[in-house]
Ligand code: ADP
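As a starting point, one isolated chain is supplied in structure tokens, in the form predicted alone.
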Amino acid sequence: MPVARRRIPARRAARPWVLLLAGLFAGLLAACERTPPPPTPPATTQAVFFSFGTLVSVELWGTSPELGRQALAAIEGDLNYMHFAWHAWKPGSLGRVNQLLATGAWFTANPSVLPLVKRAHALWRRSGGLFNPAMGELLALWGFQSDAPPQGPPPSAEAIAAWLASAPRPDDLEMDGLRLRSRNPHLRLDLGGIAKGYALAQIADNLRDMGVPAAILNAGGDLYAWGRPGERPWRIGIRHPRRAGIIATLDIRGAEAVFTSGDYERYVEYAGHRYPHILDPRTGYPAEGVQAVTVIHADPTLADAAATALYVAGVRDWPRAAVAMGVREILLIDAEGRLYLTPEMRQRLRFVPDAPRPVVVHLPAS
């Protein structure tokens, strides 16, 4: 029985343009296999806010656009709240505390102020009184509790002597839970010596909880950073206290704070003399003999207070104060522009070519 055979149509020759497209497609596939696409670089989120009387710049690294937006909104809200709550002479939580301290009676304080007050008291003890958050009245006497720069002559010797006679100290403050009272009617709290450090620490904790892997927070030259922006560490500059530019650079290791107290930010000039806002609670006058002190420490609040305490201690006593405060990475620039630093800080800094040769000072045994 014959078998029916199915006719198979003749295969058409491929058109030239089809062959060309096929070749290009194959080439593209081969190229993709040979060279993978470059990875998308992590997003960087930046912003600048005005708070605590200075510009606060923020750079977040490795965040998605959505996380970056959420983080910036949280930072702005935190800064606004803390600036209002901790302001020493404007209406707010601390302003109300200062008004009621003058009465000598017990009162209930806003809980937002108490942790900062307790930390300030502990750092006052640790500094041996060089950092004194209870001298708000003295700062007002000098005109430094104002948004505008002080004008006119410094306070009279009699006015300063009267303040010294009252000698307000944090130990004059009694605390019982949420309640406070002062045994000294001249005690006024001014937490500006640690407010920026404490604020940066709180913001950093919040950002890390949100998942921000690396960031640098800079509040008027005082900063806190953690993580790494890619393969390199954060690199920062230390400002020259008398001219534009920097005197040295350093790389951040892990999570660190770098805080500076100097005579160039807030001061009053009268009759050819500069009176900086960093006051010595032992004399009632601005501390002398130092242009700037820079401290590196893992705790921003401690670094903030230590920079002030070492500035007040001066060229002769700053090593002893450093041991008491528990800091070891320090740079001090005296009134003549001479540089003093610890061996630990010498290893960290890269000085600019025209910087004076530093004197290395070994801290005494604790």
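In case it trips you up, residue 1 is the first one in the sequence shown, and so on. Every value quoted in this text rests on a predicted model; they were computed, and no experiment measured them.
Separately, the form predicted together with the ligand exists; it is not shown, and the next lines address it.
This chain is displayed alone, yet in the model of the complex one of G227, P150, G192, G95 has a heavy atom within 4.5 Å of the ligand; that residue is G192.
Note on the partner interface in the model of the complex: the residue among R239, H186, H87, H277 having a heavy atom within 4.5 angstroms of the ligand is H277.
Only one listed stretch (150-158, 210-218, 254-262, 240-248) carries heavy atoms within 4.5 Å of the ligand in the model of the complex, and that stretch is 254-262. Across the proposed site, L139, P281 and V312 without exception bring a heavy atom within 4.5 Å of the ligand in the model of the complex. In the model of the complex, the ligand stays beyond 4.5 Å of every heavy atom belonging to V290.
Proximity of P133 to the ligand in the model of the complex: non-hydrogen atoms within 4.5 Å are present. Although the partner is absent here, T308 sits close enough that one of its heavy atoms falls within 4.5 Å of the ligand in the model of the complex.
Heavy atoms closer than or equal to 4.5 Å to the ligand in the model of the complex belong, across 194-230, to the residues K196, D222, ordered by sequence position.
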